[in-house]
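One chain comes next, on its own, written as structure tokens: the form predicted alone.
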């Protein structure tokens, strides 16, 4: 069995003089939830279309489920469920009828098709709307129906493009929980393209950042943070109870000097009554001990770890500065 269920090798797509995807290399193992991030026009959608065999690369190779998407697109689409950003349904069909129709297209017998469709509608929170015309569904309901439509053929790979668009916060959390279960409990591989960074951070095992058709960074949140913020991977904010007497003010000065000499502390800045401490390692205990020993009151200590939002912004800041 192939280790990677999705594998792109030097994949390139050009429209006229515009290079949409530029020698893109990507490898996603089975069962992983992978987040594909990038600004509009970065090449995400074009890469997905090539994975599905809906457009052909000018060079490079794309394999999904061990099948070449360019030479055998029909075989790939039998194994992949795709939910586009703007999913379409037969408006005069009910939600149930739309799912049964998709099931029949995938050679699922009538009785089994209806049973499976009802089960999926319940799973995505649309059981009570099964008999409602799809044309009357809200945007959020259409996204839920779209996910059920993706799952009706039991795909090995699920590709989701902005799946939570238009869904209320409670529905978003339910959908994210379902995506995690599909991966962790049922072994589905999920490729998620989204602009909602906090959602990507919450459920994805790894993320890839694409700019101008190229993969500029890849990894989990911890490894990306370490790469980007190598000068200061951990930041602490310490609220001090500032002394008012001159002889006590020197305690703060001594504290700053002590902290700067601690192993792993890279910088110390005082802003008002708050110390900003940049560290190469977690020195929380030693920092608290130094504050107490220097006789300075401590009102709070916050540990700041860099999330996907900071990572995303820093990467694109570096890309823009390099132009």
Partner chain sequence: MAGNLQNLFARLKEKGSQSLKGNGSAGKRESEVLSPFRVIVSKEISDHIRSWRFIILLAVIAMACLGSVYVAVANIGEALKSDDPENPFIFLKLFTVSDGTLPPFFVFVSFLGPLLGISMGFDAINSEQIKGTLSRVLAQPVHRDNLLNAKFTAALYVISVMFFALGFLVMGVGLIVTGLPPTAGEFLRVVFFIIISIFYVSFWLNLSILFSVKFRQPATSALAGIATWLFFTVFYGIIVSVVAKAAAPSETATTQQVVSYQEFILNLLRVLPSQLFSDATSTLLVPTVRSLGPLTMEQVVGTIPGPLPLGQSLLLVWPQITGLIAATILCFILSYLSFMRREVRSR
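Residue numbers count along the first chain shown, from 1. Because the structure is a prediction, the values reported are computed rather than measured.
The form predicted in complex with its partner chain exists for this protein as well; it is not shown, and the discussion that follows is about that form.
Of the listed positions (196, 153, 206, 251), a single one reaches within 4.5 angstroms of its partner chain by any non-hydrogen atom in the predicted complex, namely 153.
Residue 77 is the only one of 123, 77, 116, 214 with a heavy atom lying within 4.5 Å of its partner chain in the predicted complex. The stretch that touches its partner chain in the predicted complex, counting heavy atoms within 4.5 Å, is 54-62, out of 26-34, 258-266, 54-62, 282-290. Using a 4.5 angstroms threshold between heavy atoms, residue 140 stays clear of its partner chain in the predicted complex.
The closest non-hydrogen atom of residue 69 lies beyond 4.5 Å of its partner chain in the predicted complex. In the predicted complex, no heavy atom of residue 294 sits within 4.5 Å of its partner chain. Remark: residue 219 does not count among the residues lining its partner chain in the predicted complex, judged by a heavy atom distance of 4.5 Å or less. For the partner-free chain shown, 77, 78, 80, 82, 84, 85, 86, 87, 88, 89, 90 of 76-91 come within 4.5 angstroms of its partner chain in the predicted complex, judged by any non-hydrogen atom.
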